[in-house]
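Given next, in structure tokens, is a single chain: the form predicted on its own.
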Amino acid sequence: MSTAVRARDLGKRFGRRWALSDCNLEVPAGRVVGLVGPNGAGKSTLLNLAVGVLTPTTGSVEVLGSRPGAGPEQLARVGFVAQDSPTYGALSVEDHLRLGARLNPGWDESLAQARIARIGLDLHQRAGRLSGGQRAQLALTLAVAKRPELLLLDEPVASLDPLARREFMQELMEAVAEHELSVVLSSHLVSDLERACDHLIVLGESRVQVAGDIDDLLATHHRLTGPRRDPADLPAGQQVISASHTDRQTTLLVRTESPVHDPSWTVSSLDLEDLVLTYLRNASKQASAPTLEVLR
């Protein structure tokens, strides 16, 4: 299967507020996909729709070719670690493994035990007494040991210190390589996604702003700096993503499949953070722009 998640005109409204709207995307299978955006952008809503915890207000979402939560077989194919890596505080690590074995028909006990031993968790320790990083590792173990085809992670490292975050991401990458998982990793920390992901989805103001393979996105976005000029004068095929001007100078961020040959421009590349922040700023500006009404 070439597509892990497919959304068409997907939207979710809570009361009068749209947490996600007009979402159209395809998440490729066999990849590690970074879902990035600020708090409130719709990342958690999208993932909860993908696992069937929420139902769409508009549109549709398909996961591994089926409706999310369509039945036991479909549920067994998807692993999910919700925000804050939820565990049961009164249960021990060993209790969590027993629970995982009961709830998941494809449970791999040897994998679960090996991961717990490798990360150094005490089987008799209650989850409520574990550190944030340890709880995150326990939650990841439960998700991986059910042997899913698709693993969805909702900001699993947001509350961890830098060392615990690095250890979690390393364990995740090892699990992906060993078990050939498709992964969607939600985060607002671009640095974590840059190390781990090969495909990117940027959410801003409840909408998809840009999506694609990271290498392709970086190769087709350029910063142009030169004498002040009107961006409308650029050749066809150079899409202006953002523009800024001084009295004498223009700086543009453009997306194009072709080389920029105009010698009046100084062309420089972007890093992933530059790319993400530009799209998020554009989304914020569009959302805050006043709506003009025609008086009759």
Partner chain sequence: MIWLTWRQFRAQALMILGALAAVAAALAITRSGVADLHDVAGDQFPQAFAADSVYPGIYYVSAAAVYALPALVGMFWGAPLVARELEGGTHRLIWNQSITRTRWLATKIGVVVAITVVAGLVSLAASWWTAPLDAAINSGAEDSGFFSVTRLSGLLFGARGLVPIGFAMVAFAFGVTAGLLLKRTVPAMAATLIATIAMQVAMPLLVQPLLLPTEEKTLEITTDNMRGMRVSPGTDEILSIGVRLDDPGAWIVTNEIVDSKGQVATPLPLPKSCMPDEAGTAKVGPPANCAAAINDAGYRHHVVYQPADRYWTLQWIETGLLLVVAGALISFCFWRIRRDPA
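Numbering follows the first chain given and starts at 1. Just so it is clear, the structure is predicted and the values come from calculations on it, not from any experiment.
Keep in mind that the form predicted together with its partner chain is not shown, yet the notes after this line are about it.
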> Using a 4.5 Å heavy atom cut-off, which stretch among 89-97, 190-198, 110-118, 167-175 contacts its partner chain in the model of the complex?
Replying inline: 89-97
>> Does any part of residue 54 reach within 4.5 Å of its partner chain in the model of the complex? Heavy atoms only, please.
In response: yes
>> Considering non-hydrogen atoms and a 4.5 Å limit, does its partner chain approach residue 210 in the model of the complex?
In response: no
> Would residue 75 count as touching its partner chain in the model of the complex under a 4.5 Å heavy atom rule?
Replying inline: yes
> Can any non-hydrogen atom of residue 238 be found within 4.5 angstroms of its partner chain in the model of the complex?
Replying inline: no
>> Do any residues of 140-155 have a non-hydrogen atom within 4.5 angstroms of its partner chain in the model of the complex? If so, which ones, in sequence order?
In response: 142, 146
